[in-house]
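So this first bit is one chain, no partners, the form predicted on its own, shown in C-alpha cells.
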C-alpha cells in the first residue's frame, strides 16, 4: 500500500509538533538543558535517531523550542489585542494579556523566556543569541506603542520610554517569580495594580 507524499509530510510535521510541545513544557519548568534526547525519546515512544532526525542536534532542538515559545507567546499576548489601535490602548491591553498569560499558566513552568534567559544569559552561542534577539524584538514592539502613545498625547511628551519599558518588564518578572516560586495567587492582582500605578503616574 502506498502512502501519499502529502500524508507523509503531514505525519512528519505532526511528529515534529508533538516533540516541540513536549520539549517546551519541559523547558519552561526545567530549562533548555533539561531537554535530553534520551528522555524525550522515551516519553514520546520514539528512537533517539528518529527524534534527532527532526532537528539534527540538541542545539537545533533548543533553537526550535525557542521559536516555538515565541510563537506561543505571540499567539497568547500581542495577537490577542492586535485589533486595538497602536499606542496607549494597545500598550495597556498587551500588558493585561501578558499578565493573563502568566496567570493562566499557559506553560507549566511559567514564562519560558524568563527561565531560559536566566539559564543562558552568562553564556555565548546561538541559543543565547536567539533569546536575546527575541527579547529585543519584544522591547521594540513595546517601544513602538509607547512612542505612539506620546505622539497621540496619551503619555506626556517627556516620558522616558526606556524607563517605562524597564518597569513594565520588571513587573512581569516579579509576577512570574511570585507565581512560580511563592505560589502567590494574589500576584496577578498586585501586578495589575503596579501597572495601573505606572500608567497613571504619567
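Source: prediction; values computed, not measured. Positions refer to the first chain, counted from 1.
The protein also exists as the form predicted in complex with a further copy of the same chain; that form is not presented, and the subsequent description refers to it.
- Figure note: of the listed segments 145 to 153, 41 to 49, 161 to 169, 55 to 63, the one touching a further copy of the same chain in the predicted complex, with heavy atoms no more than 4.5 Å away, is 161 to 169.
- Among residues of the shown chain, residue 118 is one whose heavy atoms approach a further copy of the same chain to within 4.5 Å in the predicted complex.
- When a further copy of the same chain is considered in the predicted complex, residue 9 lies well away from it, no heavy atom lying within 4.5 Å.
- The closest non-hydrogen atom of residue 37 lies beyond 4.5 Å of a further copy of the same chain in the predicted complex.
- A residue is said to contact a partner when one of its heavy atoms sits within 4.5 Å of a partner heavy atom; residue 14 fails this definition for a further copy of the same chain in the predicted complex, lying far away.
- Not one of 79, 100 and 104 places a heavy atom within 4.5 Å of a further copy of the same chain in the predicted complex.
- Along 167 to 189, these residues reach a heavy atom to within 4.5 Å of a further copy of the same chain in the predicted complex: 167, 169, 170, 171, 173, 174, 175, 177, 178, 180, 181, 182, 183, 187.
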